[in-house]
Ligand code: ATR
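Heads up, the chain below is alone and in the form predicted alone; it's given as structure tokens.
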């Protein structure tokens, strides 16, 4: 019997998730379908339970429902609990709903395994202190970087976020003006600047020799963050398409017990 999965969001027509999961199913020989569902803004939980009642096995969750999914899930993985947001729901045999957040591990695997940039022992700078940053902090810290520094326009918000993860590793906080000469190996943009068409200018020397600048946003062209990072000395730049495919692969693994290979799917999406 073919198992059903879906992604729910609003809007949803732009989602690449059905293409990605169809590719994963072909690659791994899994018998499943995967669809996109436009979630009602005032009826998310009811629509999830309706899909569950129709025999659905799990769902991915995208904007603007990740917080509602966190509240709906009856059981949470540690990374979902710390992220305070859920992007993957697994409907369990006992009728319960497990919530996970695969964004951070998807990004880590893209940086470490696909791009070939180790995080362990490296100096990491995380730009932003909102939900996107919160969602990736635990997987980043699990890699044991030499240091992880959060920089945010609002210092207090960065300090609060760092305090919440203090027991998981050494998390520092810095003002943008204090980043000059710090020589970070990996700089991750978790802000919405690129979505607004803006690059991020860092003080001279913020990028170390051979540094990777990684934007969690993706697009058909290099993002404003990537372009500005190149100008400022980043040796390598990457957008978040690999993170998108990576988080999907982790969701697929949670549901099916098989972890698909991501590089061919990333290449397929790049080719259009």
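All values reported here derive from a predicted model rather than from experimental measurement. Residue numbers count along the first chain shown, from 1.
A second form of this protein, the form predicted together with the ligand, is not displayed here; the remarks below concern that form.
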Report whether the minimum heavy atom distance between residue 144 and the ligand in the model of the complex is within 4.5 Å.
no
Residue 130 within 4.5 Å of the ligand in the model of the complex, heavy atoms | yes
### Query
Any of the heavy atoms of residue 154 lying within 4.5 Å of the ligand in the model of the complex?
yes
- Wondering, does residue 190 line up within 4.5 Å of the ligand in the model of the complex on heavy atoms? yes
Counting only non-hydrogen atoms, the one stretch of 107-115, 90-98, 191-199, 73-81 within 4.5 angstroms of the ligand in the model of the complex is 191-199
